[in-house]
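Take a look at this single chain, the form predicted alone, given in structure tokens.
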């Protein structure tokens, strides 16, 4: 046990065994980190404050995550693991619209929207956060790329279509609106983004 009564046999840098007290502590700390990011941004993310919010010992937080960037990296890894799986509605238009609506719900959520804005801002000046953010989106894009591959198999799209690029084309206009305030971030914007990506894909824009 350490000076604050925490067990010593815990893996470092947020890597934890499934189940048990260690997993509960990780869940509590990551929830607290997300709340703090949404409220104060990356610049205001303080490990001692996160420990207080999570009601765990400061030593545990500093030992496992070491820095705010390390904590954000683990938070993004957890968010990728917990993300909603893609839909399979049987058509390219329906699947891309569902993807766009999911992105919209995330970015307009009172907690998730500010959280993502903070993490994206931090990634511009912190290499570790940038790497974690890249891994997060890589997981999500690969997950949704399956609906584009299925559309190719059904003959809806030309062979050789880069599925990941199509999925990125759906999300990009919505993130632009989030970060620049360039127009309403609403269902109409989501549907337009999905329709534009589908039209471009059918025209062969994303064929490698």
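Note that the coordinates shown come from a computational prediction; the quantities given were computed from them, not determined experimentally. Positions refer to the first chain, counted from 1.
The same protein also has a form predicted in complex with another copy of the chain, omitted here; what follows describes it.
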Joint contact, 38, 53 and 58 to another copy of the chain in the predicted complex, by non-hydrogen atom at 4.5 Å: no
Of 117, 91, 83, 87, the one that lies within 4.5 Å of another copy of the chain in the predicted complex (heavy atoms): 117
Contact residue in the predicted complex, chosen from 181, 44, 160, 155 - any heavy atom within 4.5 Å of another copy of the chain: 181
Residue 121: touches another copy of the chain in the predicted complex, heavy atom cutoff 4.5 angstroms: yes
Contact label in the predicted complex: residue 177 to another copy of the chain, heavy atom within 4.5 Å: yes
Non-hydrogen atom contact residue 139 with another copy of the chain in the predicted complex at 4.5 angstroms: no
Contact test in the predicted complex: residue 195 vs another copy of the chain, heavy atoms, 4.5 Å: yes
Members of 192 to 207 lying within 4.5 angstroms of another copy of the chain, judged by heavy atom, in the predicted complex: 192, 195, 196, 199, 200, 203, 205, 206
